[in-house]
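The data below hold one chain only, encoded as structure tokens and taken in the form predicted alone.
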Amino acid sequence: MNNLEYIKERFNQLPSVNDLNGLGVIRQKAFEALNKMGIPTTRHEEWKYTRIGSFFNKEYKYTEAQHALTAADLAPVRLPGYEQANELFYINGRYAPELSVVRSKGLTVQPLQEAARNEYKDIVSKHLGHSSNYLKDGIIALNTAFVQDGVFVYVKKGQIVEHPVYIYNITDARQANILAQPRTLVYVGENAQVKFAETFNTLGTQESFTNRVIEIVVEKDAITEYYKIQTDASHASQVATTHIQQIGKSYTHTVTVSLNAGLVRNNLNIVLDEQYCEAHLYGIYLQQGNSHIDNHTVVDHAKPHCESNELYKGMLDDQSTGVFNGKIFVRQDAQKTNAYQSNKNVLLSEGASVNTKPQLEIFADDVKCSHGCTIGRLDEESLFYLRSRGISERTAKSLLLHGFAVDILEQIKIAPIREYVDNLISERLEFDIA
């Protein structure tokens, strides 16, 4: 029996699979979709350059809710400014309330299975799994089918959450290979404001595979910021899906920072489902060794008078590979749309490569849209100019690459996180060009 077959067999052992009043119906539908679609292969157009099938031929340990982590284990992974932040910990894909801290009064955090039964049940039943409308493959269905110890986050109407929400995905792979599937549903109420920062860390030397899904619903006049920071180990791989649905006139701002891991696939979907919505998407990726990064984005302009702006930049060294696939949909009724998309890449070695595919599908006639991509080397004239001023080649390259990344760094609005990421990038650039 291969690992995927074992996963399917284990589905029937879950305690709440027959719970028709909670998540049972949602999970059952997802399991049926998983059986139908299977794990995506390179024959799937959206997975043409990214292979994940081999991960499901390995033996993984499925952990219980208990864990053996100590404060000393958590200290190295905590983000700067955590003393003033709301902190949500997932251990091996399962929410750990005993480690988590909620400091903001306008923020409600509870287990997803409880939210599916109480006053939030209508929100859960309507919005949990909405991402499957845009990602029609078995990997998302796999996460939904095995929703267990997930989290529901509710930002109350009119509340400005003064402390950022830090989400830590920690995989304890010190004793065995781990498959983790954390799940979060966020609902940002009318006229509310909130900021999220999410990280991924693997402890130990065994392999880990994280299949992460977070769905965020944004109401009228709400403002939501989301920052994803990926600095995991080379023996850790992940598929991380962020699905944002703007159901009222609102503003969203996302930044994805991918600096390390074995294989990373990021899915970012933003649905502008009401007039006068605004969405900004930024990303920076630095790859080395044999690592692989795949950024897939979808911006769906479903209603008129909306604006989206997208900029992703990549630096690839050694034998690393990259993929960027960005789609913008402008629906027939979405007149007066402004949509912009750009992907820029710098290759730092002969062995590095990137496949980039920006796409526009426009069904309206009164719009302003553009998209483009570039792939190249460091600018020789700029490098010569710096060298002629007495700057060493190593320092000159570092300065040019940092300058390439700086307009993405500036989009991180949480000051301690911006400084933290800036330091990580500076350290990586010094290492890469040494």
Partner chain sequence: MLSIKNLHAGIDEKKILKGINLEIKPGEVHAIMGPNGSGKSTLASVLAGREDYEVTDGTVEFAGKDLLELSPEERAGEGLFLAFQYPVEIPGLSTTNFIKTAVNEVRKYRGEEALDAVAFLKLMKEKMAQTNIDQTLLSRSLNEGFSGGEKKRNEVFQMAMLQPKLAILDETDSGLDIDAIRIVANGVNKLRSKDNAVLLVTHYQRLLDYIVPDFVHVLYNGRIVKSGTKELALELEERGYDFIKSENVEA
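Bear in mind that the values here come from a model prediction, so they are computed numbers and not experimental data. Residue numbers count along the first chain shown, from 1.
There is another form of this protein, the form predicted together with the partner chain, and it is not shown here; the text below is about that form.
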In the model of the complex, which of 28-36, 51-59, 401-409, 370-378 comes within 4.5 Å of the partner chain (heavy atoms)?
-> 401-409
Non-hydrogen atoms within 4.5 angstroms of the partner chain in the model of the complex: do Ser125, His127 and Asn133 all have one?
-> no
Answer with yes or no whether Ser388 is in contact with the partner chain in the model of the complex, where contact means some heavy atom within 4.5 Å.
-> yes
May I ask you to state whether Asp366 is within 4.5 Å of the partner chain in the model of the complex, using heavy atom distances?
-> no
Classify Glu45 as contacting or not contacting the partner chain in the model of the complex by the rule of any non-hydrogen atom within 4.5 angstroms, answering yes or no.
-> no
Consider Thr395 of the chain shown here, and say whether it contacts the partner chain in the model of the complex, taking contact as heavy atoms within 4.5 Å.
-> yes
